[in-house]
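Given next, in C-alpha cells, is a single chain: the form predicted alone.
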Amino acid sequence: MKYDIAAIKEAIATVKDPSRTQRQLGDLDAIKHIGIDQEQETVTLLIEVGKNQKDVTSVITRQIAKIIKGDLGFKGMVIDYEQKRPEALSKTVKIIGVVSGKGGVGKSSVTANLAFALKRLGKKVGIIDADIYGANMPMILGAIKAELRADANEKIYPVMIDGIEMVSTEYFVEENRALMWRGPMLNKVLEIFFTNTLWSQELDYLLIDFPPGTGDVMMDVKNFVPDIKVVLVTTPHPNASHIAIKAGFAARSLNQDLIGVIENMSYYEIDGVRHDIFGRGGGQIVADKLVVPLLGEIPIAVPEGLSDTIFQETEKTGVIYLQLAKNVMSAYDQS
C-alpha cells in the first residue's frame, strides 16, 4: 500500500461537516493531522469540527470510513475530534469561567474585580454575564442603562465599560423582571454571546460569570468553548465550602479544567486586626480536596472610590486583587 498523507488528505477533503453548514473539511482547513501505519495498514486522523457531538462526529466518521477503508483499502482507522472555537472568538483569548457551589458568595463581584485587575496588568478583558437567573454585572459595572447595538448582520456589539467589554442577559429582559427561560432558550442566548457578539480579536481574557451551582448553563457552555478553564469561588464558611467541593467535582465531570480556588469574604479587618466572621480555612479545605491551588483570599471591605463594588489599585483590597490576577494568569498557563 503506497498511499501517502497528501493523497489521503485530498481524498477526504470533500467530506462535509454537518455542524458547519455542510462545508467541506478541505475548505475549512479542518484536517489537522494524518498518520499512516504502513505495517498495520491503518490511518490516524485529527479532525476539527464545529460541534464535538456524537450526532455530528458519527456522520463524519461514516463518510471518512467509506473513503479510507472502502475506496483506499486500509484495514483500519482511528479518528480524534477537536471542537473549533466560534469564529467570533480569537484563537488566543484565554477563557475562564468563574463558578460557585451556591449563591451569595460574591462570585459576580469577584469576576468584575478580577477583570479590572487583569486590565490594570495591561490585559484586554471581556466579560460574559451568564448568570442567567441573577444577572447583575451591568449593575456592578454601572452600565444598567446601556443598550446593546447591532450591526447590519444583527451581530451585537458588547457594552464597553472603562475598556472592558461586557454582555449580559440583563439586556434581554424587561427592567426588574426575572428571566424565566428554560433549556432551548438558554442555549439560544449563549449562542448570541459566543457566536453573534462582535468581540475584539485582541482580547487576552474572557471571563464568564456562571450561575451558582451546576446546571444547564455549565453544560451548554462546554459545547461552545470546550477549552474553558474554571476558578471556583467560596467563602470560609463550612456550608459554602462543602457545596463548593461538589461544584468542583461537577466541573471536572464535564471535563472542565479547574485551575484554582478563590476564598471570598475571608475576614474583616479593623485597625490591623483580622476578624474571621465566617470561620477560617474553608477555601484551603476546598483547594486541598480538589488538589488545586488556593489562588487568593479576599477580605470583606467597602471600596473607597465612586463604585460600590470595584476596588481601586491603590486600595489594600485592590492590591490583593492584583496579586490574585497574577495568580490566576499563572495557574492558567501552568494547567
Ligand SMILES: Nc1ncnc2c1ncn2[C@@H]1O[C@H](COP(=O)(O)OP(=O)(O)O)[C@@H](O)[C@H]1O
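This structure is a prediction, so every number in the text was calculated from the model and none was measured. Start at 1 and count along the sequence shown; that's the residue number.
Another form, the form predicted together with the ligand, is not on view; read the next lines as being about it.
Heavy atoms within 4.5 Å of the ligand in the model of the complex: does residue 86 have any? Looking in the model of the complex, residue contacts with the ligand do not include residue 86, since no heavy atom lies within 4.5 Å.
Taking 4.5 angstroms as the cut-off for heavy atoms, does residue 30 touch the ligand in the model of the complex? Contact check for residue 30: no, nothing within 4.5 Å of the ligand in the model of the complex.
Would residue 230 count as a contact of the ligand in the model of the complex, using a 4.5 angstroms cut-off between non-hydrogen atoms? Flag for residue 230 set to no.
Residue 298 near the ligand in the model of the complex, any heavy atom under 4.5 Å? Yes, residue 298 sits close enough to the ligand in the model of the complex that at least one of its heavy atoms falls within 4.5 Å.
Candidate stretches 107 to 115, 145 to 153, 187 to 195, 70 to 78, one within 4.5 Å of the ligand in the model of the complex by heavy atom: So the stretch in question is 107 to 115.
Work out which of 95, 164, 265, 218 lies within 4.5 Å of the ligand in the model of the complex, going by heavy atoms. By the 4.5 Å heavy-atom cutoff, the listed residue in contact is 265.
Going by heavy atoms, what in 129 to 145 lies within 4.5 angstroms of the ligand in the model of the complex? Only a single residue, 136, comes within 4.5 Å of the partner.
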